[in-house]
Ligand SMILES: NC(=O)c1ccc[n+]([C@@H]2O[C@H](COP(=O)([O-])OP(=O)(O)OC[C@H]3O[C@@H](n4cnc5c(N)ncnc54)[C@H](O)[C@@H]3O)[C@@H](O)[C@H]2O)c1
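A lone chain, given as structure tokens: the form predicted on its own.
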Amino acid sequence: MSGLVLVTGGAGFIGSHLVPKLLSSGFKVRILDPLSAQVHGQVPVDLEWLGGTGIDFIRGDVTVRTDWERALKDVDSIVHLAAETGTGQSMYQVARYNEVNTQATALMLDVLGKIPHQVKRVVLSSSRSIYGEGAYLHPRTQQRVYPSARSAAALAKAQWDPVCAETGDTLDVVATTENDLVSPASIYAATKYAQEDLVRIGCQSMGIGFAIFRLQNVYGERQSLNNPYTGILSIFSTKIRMGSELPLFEDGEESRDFVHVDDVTDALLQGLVVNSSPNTAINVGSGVATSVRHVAEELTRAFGKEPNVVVTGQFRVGDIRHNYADISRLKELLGVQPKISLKEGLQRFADWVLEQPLPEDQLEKANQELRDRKLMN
């Protein structure tokens, strides 16, 4: 497949790595992006990479029908990256997250159904958050179980780990597959899962191929350093540069699957070029669970400093305890194998951060917004 690719949110973190790969692969690229202040800062300055040949940039919004109509002209495929992505923020900006994530995706499909087009494939960036807590094993029965979202009451008692509702046993986390139960625990997650259903049903009805990528915790160079609502490594990097303590929620042992943006964009690209459209959901991650404490300490060392972490015992309603991906389908369907280790990826990220202006530390502002709404202790 070649031709003109529309990348929504293409001026953002993932798009800034994907677009050069698309151009190198022979695609022409059109970007639809509003350049929002929350992601890019008040005056976007890190957009030099947009100067490549073959890029048609439209400053527009996925919530606006006329912007979709303009952006979809002569397009052969779509990579839909545009989204609001803050788990905590989604819990009190519910309408905004629904509008940008869910309704905008519905609008894309509505426009495709009403105008002449030549779109042959849609690639959607979804999220591992749709699984909620994901898959666990019962320690005694070895049965696969899917715990409910942790309650505020349990978290207030420092009951961090999910337990069996019937026996009270602490459950053992395992890699989550695409066939495991979907159980969103936040508004953000609910909107991402709604996106998946819209793309799957809409594309099938119109005869358009699709690939849905459930991304784990993506990090790397050019991620927003201005957005305090998403991107734990960005938040930590600012504090490290300021010589501040790194605050760890809960007991610091909650774990995530950290995957470098280069590995993610390799998967997205392959979702476009593979001859047979996947027409399914695919996990994208490293396949390794890493505690937040460990990643905080390793990131500090990547900056050449000694770790200075403090366990706060604080928590956010809607956060999950553990989740990491089974990436067998990624390897089998697309032949994609993550290549960048956490150590290498963190060093690359730290080296890039040190070349950027020191941003304002806005974590406390974001946390206070959650506390004001009783979504954080």
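Don't overthink the numbering: it's just position in the shown sequence, from 1. Bear in mind that the values here come from a model prediction, so they are computed numbers and not experimental data.
Form predicted together with this ligand: not shown, discussed below.
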**Message:** By the heavy atom within 4.5 Å rule, which residue out of Q89, S77, T265, Q223 makes contact with this ligand in the predicted bound form?
**Reply:** Q223
**Prompt:** Of A135, V100, A71, L269, which residue is found within 4.5 angstroms of this ligand in the predicted bound form when only non-hydrogen atoms are counted?
**Reply:** V100
**Message:** Looking at heavy atoms inside 4.5 Å, which stretch does this ligand contact in the predicted bound form, given the options 321 to 329, 308 to 316, 55 to 63, 336 to 344?
**Reply:** 55 to 63
**Asked** If you check in the predicted bound form, is C203 within 4.5 Å of this ligand, heavy atoms only?
**Response** no
**Message:** Although the partner isn't part of this model, could you tell me whether S237 comes within 4.5 Å of this ligand in the predicted bound form, counting any heavy atom of the residue?
**Reply:** no
**Message:** Contact with this ligand in the predicted bound form for L81, defined as at least one heavy atom pair within 4.5 Å: yes or no?
**Reply:** yes
**Prompt:** Can you check whether V122 is within 4.5 Å of this ligand in the predicted bound form, heavy atom basis?
**Reply:** no
